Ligand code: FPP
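One chain follows as structure tokens, the form predicted on its own.
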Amino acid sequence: MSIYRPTPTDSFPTDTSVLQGETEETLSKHIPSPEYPAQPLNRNAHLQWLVRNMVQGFPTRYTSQDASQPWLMFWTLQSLSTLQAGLDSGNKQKAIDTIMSWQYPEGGFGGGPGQAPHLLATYASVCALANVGRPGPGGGWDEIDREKMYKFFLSVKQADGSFTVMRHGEVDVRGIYCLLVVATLLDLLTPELVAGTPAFLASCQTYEGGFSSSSQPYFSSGTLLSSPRPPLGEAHGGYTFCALASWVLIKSFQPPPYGVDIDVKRLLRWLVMMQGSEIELGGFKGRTNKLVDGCYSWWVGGAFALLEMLGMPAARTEAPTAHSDTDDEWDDVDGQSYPLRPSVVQYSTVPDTLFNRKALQEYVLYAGQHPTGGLRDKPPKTSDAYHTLGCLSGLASAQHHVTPSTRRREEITLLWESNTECAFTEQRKSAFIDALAWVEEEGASKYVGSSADRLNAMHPVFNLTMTHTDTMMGHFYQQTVPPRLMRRNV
């Protein structure tokens, strides 16, 4: 019997309340006890599961995902990177060749060979290339047709600053996020591209504080009106992360005083309320009055770091400013992780951030792991590629406190070279520096279990490792990115 109190009911059962009770009963069986001790991260089982999918192919049930081939590739490759593993050179080349077969002749990437370009498929393809690609012939990066991709982006731009996910497709903030990530990584971000986008994003914020998928445009005699623009649908974890990350990405293109703004305090309240109770093992739900789900470990749990870029205070705000004789180079790719600190920080000595990081780790470790490998929504469901990355990324966000660093900004700024002539040089520079100014805060890592369960820290905006982000952006912006150091206090 669980020692935790179930969610109170009003004695008027509904399908929702019954399902909530059943879920809590199932989750309560995964709470560690003397008979059922806590489970560590089953790294080997997850790696074997991922490699099996890469080498043997996905199970038959994935046939319905034929138009999502880039996503299956990205979820798998990024999960490997999060687990501190990488592919050998031969399999990397196979992955690169497969990804490039999805590039559409007129720009962008489709869900498979010959399929129409789509913003979501373009994001997944480019981020997969960030994992396995490289500059030079056959490396994929220099084979991306950036000129045609930019034209594709403009072709799906709408008068209100939004974007359809494909030509003649629907407007969705997830598509906006995917476009802005790719544009930022590949140095395609321009004032022309994001004109009107901040106002559209702000219009998607609901009364709850989170964001919906879109908002309702209003027209009068063929003219777009700035208001009213009510959000379409309820606040949702995935939409909220995408809208918030998009807002962060175009911050340099809307310098203060902003013409529009979002309600950050209301957003924070909504995000906090999405974390489940003790009997729900501290997992996150994606909507009000819904069930916890492992994927929201990232979509909601990962959103808290983004608030720090907007000035929301956290438990700590800056990395140490003094070098020491024990600085080590950061390396988190191809199976190598940067060195661990001498000891694991205990929960009693470091204040928590804006959410319960310990509880989120417990949800992923105790309920998210499938016994045969891979991670899942929640028991008794099976594991899948999407939830594997969502759970792992969320676990990483709970282990590490990644935050914007003034010192890192100064290091990048000193090495910046003005190598292009354009009317928005300062905005381009700011976008580059903002994207790479994130650091893992010294002394704030927390691990449920032991440091053996440690994952690589993720970039809060891109959901890539720091090294992959630095390397890809350094190449496309033609800039030297200063090495990352894991600085220890001695």
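Given the structure is predicted, the values throughout are model-derived calculations rather than measurements. Note that residue numbering follows the sequence shown and begins at 1.
Just so it is clear, the following notes concern the form predicted together with this ligand, a form of the same protein that is not shown.
- With this ligand omitted here, the record of contacts in the predicted complex names 290-298 of 260-268, 395-403, 290-298, 198-206, defined by a heavy atom within 4.5 Å.
- In the predicted complex, none of the heavy atoms of residue 104 sits within 4.5 Å of a heavy atom of this ligand.
- Of the heavy atoms in residue 110, none are within 4.5 Å of this ligand in the predicted complex.
- In the predicted complex, this ligand sits within 4.5 Å of a heavy atom of residue 174.
- Contact annotation for residue 161: none of its heavy atoms lies within 4.5 Å of this ligand in the predicted complex.
- Note on contacts: among 367, 185, 99, 242, the single residue with a heavy atom within 4.5 Å of this ligand in the predicted complex is 242.
- Checked against this ligand in the predicted complex, the residues 152, 71, 141, 355 give one hit for a heavy atom within 4.5 Å, which is 71.
- If you take 395-419 and check each residue for a heavy atom within 4.5 Å of this ligand in the predicted complex, you get nothing at all.
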